[in-house]
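What follows is one chain in structure tokens, specifically the form predicted alone.
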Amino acid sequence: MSNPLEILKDNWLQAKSLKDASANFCSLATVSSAGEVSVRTLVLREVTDDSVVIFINNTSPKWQQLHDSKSFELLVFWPQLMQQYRVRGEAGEVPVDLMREQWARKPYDAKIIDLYYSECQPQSSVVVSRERLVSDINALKQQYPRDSDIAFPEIAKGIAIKANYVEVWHNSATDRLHERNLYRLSNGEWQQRTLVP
């Protein structure tokens, strides 16, 4: 049976080659301990034979929600291909040494934001004003003027979603009979089922 993550990876590379504006993004839906659902857009970092990788930080609500409820779903949609993936599974941390390597390749401004989370305020917390945020960011840039000045923050985490459920949707613009296939991992083998669109 085909591995849907191999299909996802091939489509991801195709979307990037077509310069799809959504190619490098995905949406993550999580559930809080109070049962509130949250969805946000993240960067899709990597697709392997068994996992989809995203980066977050442990000051963010989504980190806590992933650990508290374990209920989540990742959505990828590429308009250029009219292809969508829904992914569920087990969320595990990416090893710290790999995170350090990945973080070293982050752009300077992205590192400054990570630094802000650890030294100023956690992600999604309330700030006095946009002006205060910009002022604090500029102060960090003065304190750390070079990329090499910024040490890897322990709050930076990678999450590998080891997939056990993947739904693949492909648009059919002519007759609206979209192609939908559901893949479930059972005893190490992917089982595929066709769904009514």
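Note that residue numbering follows the sequence shown and begins at 1. A quick note: this is a predicted structure, and the numbers were derived from the prediction, not measured.
One more form of this protein, predicted together with a small molecule, exists but is not displayed; see below.
- Residue L42 is the only one of L42, A139, A151, V37 with a heavy atom lying within 4.5 Å of the small molecule in the model of the complex.
- Of the residues given (S124, S118, Q80, S71), S124 alone sits with a heavy atom within 4.5 Å of the small molecule in the model of the complex.
- Comparing 130-138, 163-171, 143-151, 54-62 against the small molecule in the model of the complex, the single stretch with non-hydrogen atoms within 4.5 angstroms of it is 54-62.
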